[in-house]
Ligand code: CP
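Below, in structure tokens: the form predicted alone, a single chain.
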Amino acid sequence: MHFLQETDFSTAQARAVFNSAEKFKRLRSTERPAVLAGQTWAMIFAKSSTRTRVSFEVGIHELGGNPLFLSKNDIQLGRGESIADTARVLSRYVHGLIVRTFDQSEVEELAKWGTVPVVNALTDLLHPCQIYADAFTLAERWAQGGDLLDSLRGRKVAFLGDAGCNMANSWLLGANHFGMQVSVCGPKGYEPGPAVQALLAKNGWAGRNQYTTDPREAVAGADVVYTDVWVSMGKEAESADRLKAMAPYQVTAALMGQAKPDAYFMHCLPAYAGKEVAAEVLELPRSIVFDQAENRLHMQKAILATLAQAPR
């Protein structure tokens, strides 16, 4: 079993993963189930990271396992070895692969050729671990003692900025999978691309989602206002054009005022105050960006435990 996109867990499995994350978080200081005892999980990172790397390394350690960090310069992929050969070799050594890279096809090929679980720790197409942690962060607030996953149903998330980026794509998949509504908003030329549209159609969700170029329309009635950096890794050459095109999509206090009065602000970090979000919004009482960051640890522990215990 692999976790390459949001829908790789069924609704029942996602519910169990959310419940597991809640338990890991609640009992972290008193109980640490060693579900990865005796296991080594390789972390292949072609892209740099703070939250993803640290949360996975700490999570593997707290589950009793050994994290093995491998940058692109540490393995032969950087010198032309095929993905298929890399997957087959590493599967002889480790118990799972956590991969942060550019092309979604790379994690899919590693999963195809390897014989151990593969986790998508971010690609240019999707960031499923982040979305699960974000949704869990919201469910903590909305469930009020009820079912975590069910508390998301009917809620609206508005994503502003680059509506074709991996975070927007993952919200489109994740929100639909969790029974939420989603509105993605950005300038023309930065709308959801054909790859995510195909995934939505495959799951029967084509036409369910709102895409607009009007920020006020996007956030109207939203329970969550979400944004991400305007210039992602690998897009630096487009920086000037992107900053100019997306300037009208900055999340300001005034724009937050167009959402529901109790709407939360979210950002997967790092955030650049004064660009995609105004500095004052990051410090609002309803900004929960650091809770999101913390929950990466608990959710990823739940994902890893699920994969480690799944039938092979």
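Don't overthink the numbering: it's just position in the shown sequence, from 1. Everything numeric here is computed off the predicted structure, so don't read it as measured data.
Another form exists, predicted in complex with this ligand; not displayed. Remarks below refer to it.
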Study note, to complete from the structure: Per contact check vs this ligand in the predicted complex (non-hydrogen atom within 4.5 angstroms), the hit among 265-273, 244-252, 279-287, 36-44 is 265-273
Check your understanding: Even though this ligand is not shown here, does N169 get within 4.5 Å of it in the predicted complex, heavy atoms only?
Key -> no
Check your understanding: Is there a non-hydrogen atom of R100 within 4.5 angstroms of a non-hydrogen atom of this ligand in the predicted complex?
Key -> yes
Point to revise | Any non-hydrogen atom of R32 within 4.5 angstroms of this ligand in the predicted complex | key: no
Practice item. Indicate whether K260 is a 4.5 Å heavy atom neighbour of this ligand in the predicted complex. Key: no
Check your understanding: Are there residues in 121-147 with a heavy atom within 4.5 Å of this ligand in the predicted complex, and which are they, in order?
Key -> H127, Q130
